[in-house]
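First, one chain by itself in structure tokens, the form predicted on its own.
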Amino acid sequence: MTVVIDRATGKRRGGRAPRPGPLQRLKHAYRKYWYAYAMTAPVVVVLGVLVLYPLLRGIYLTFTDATSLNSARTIGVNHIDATYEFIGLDNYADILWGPTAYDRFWSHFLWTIVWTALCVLLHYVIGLGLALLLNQKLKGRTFYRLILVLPWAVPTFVTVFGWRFMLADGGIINSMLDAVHLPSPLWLEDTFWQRTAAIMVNTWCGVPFMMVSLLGGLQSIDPVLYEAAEMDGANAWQRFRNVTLPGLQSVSSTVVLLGIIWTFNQFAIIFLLFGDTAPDAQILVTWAYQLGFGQQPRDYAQSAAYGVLLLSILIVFTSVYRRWLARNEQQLAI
């Protein structure tokens, strides 16, 4: 092939083969990576059936007035076709600024934010404290690790039902408070104490994961850094602030992000602890369930709209959080 260089522009002409079309590139990629495509195809199919289709179906329902009264259903031998209609963005407008938007959305949104912030803060602080303790040379350290990981290993419904028995009026917690002449809170009846109880149970369930993750991060910090800090005269707090916390930064950023996402969508603890008896203690995800499956008629459209709003909130938060972390890492690198 002859290559011609234009002296005026300096560009090469005729030296590069024409770019193949999309179909040819697809055939080339298939011939080159067919094994990888074959290995990932089952996962793609499963994700498409279990995640993509329900997601697209849910997004479509948010633009309708679908309820259990106008959806397609079969009663005996009779099949009734769906009669719900397309109503555009009315569901979102009604949820966000409708006549009772505060009671139906904003109050639950604010409580969800408070719930998430307090739970993740307690998870991190208690988990870090226990990780620091277990990172010391203690006698029986392996036994302590097993005991502290136990709440994480027990199925969630067993843990929550156990807490229900302990928090009941005649449970062990109120009995102990009565024994020392302290007032007995209505853990499962009063809104404030319901929320307090939910945070207690979620903290109990979430601390082991944070502890194990941070303990792994602590053990990856080079001990030479601590020795150098001690030689420079740094006290325990200065070593913790200037060596431990920077060494845990990458682990902390990941587990905090996961903790926020999991706690924001924590359905099991609230649902199993209160069922439908605590409307003011419901977070957004359990409130969406109540709308779609816990009342009559079931409001599928509004429940799906809550789900889309939850997904949107988490996507925005994750994007901002990752950008904030990237900017901090760039500043530290400088």
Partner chain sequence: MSTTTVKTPPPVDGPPAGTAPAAKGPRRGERSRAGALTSHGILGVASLIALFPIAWLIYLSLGPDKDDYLHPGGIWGKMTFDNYTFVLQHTPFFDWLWSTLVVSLGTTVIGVLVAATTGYAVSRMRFPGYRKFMWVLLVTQMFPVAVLMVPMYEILSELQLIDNYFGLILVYCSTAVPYCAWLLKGYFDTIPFEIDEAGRVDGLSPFGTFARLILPLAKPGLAVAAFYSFITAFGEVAFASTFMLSDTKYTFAVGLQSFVSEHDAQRNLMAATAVLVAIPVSAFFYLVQKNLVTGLTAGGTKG
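Residue numbers count along the first chain shown, from 1. The model shown is predicted, which means the values in this text are computed figures rather than measured ones.
In what follows, reference is made to the form predicted together with the partner chain, a form of this protein that is not presented.
Although the partner chain is omitted here, in the predicted bound form none of 115, 123 and 243 has a heavy atom within 4.5 Å of it. With a 4.5 Å cutoff on heavy atoms, residue 217 counts as touching the partner chain in the predicted bound form. In the predicted bound form, the partner chain lies farther than 4.5 Å from every heavy atom of residue 326. The shortest heavy atom separation between residue 27 and the partner chain in the predicted bound form exceeds 4.5 Å. Taking the partner from elsewhere, residue 303 is found to have a heavy atom lying within 4.5 Å of the partner chain in the predicted bound form. When the partner chain is considered in the predicted bound form, only one residue from 199, 87, 251, 96 comes within 4.5 Å through any heavy atom, namely 251. A heavy atom within 4.5 Å of the partner chain in the predicted bound form is found for one listed residue only; from 177, 110, 154, 231, this is 154. Contact with the partner chain in the predicted bound form, judged as any non-hydrogen atom within 4.5 angstroms, is confined among 115-123, 154-162, 100-108, 177-185 to 154-162. Along 26-62, these residues reach a heavy atom to within 4.5 Å of the partner chain in the predicted bound form: 33, 34, 35, 36, 37, 38, 39, 40, 42, 43, 44, 46, 47, 50, 51, 53, 54, 55, 57, 58, 61.
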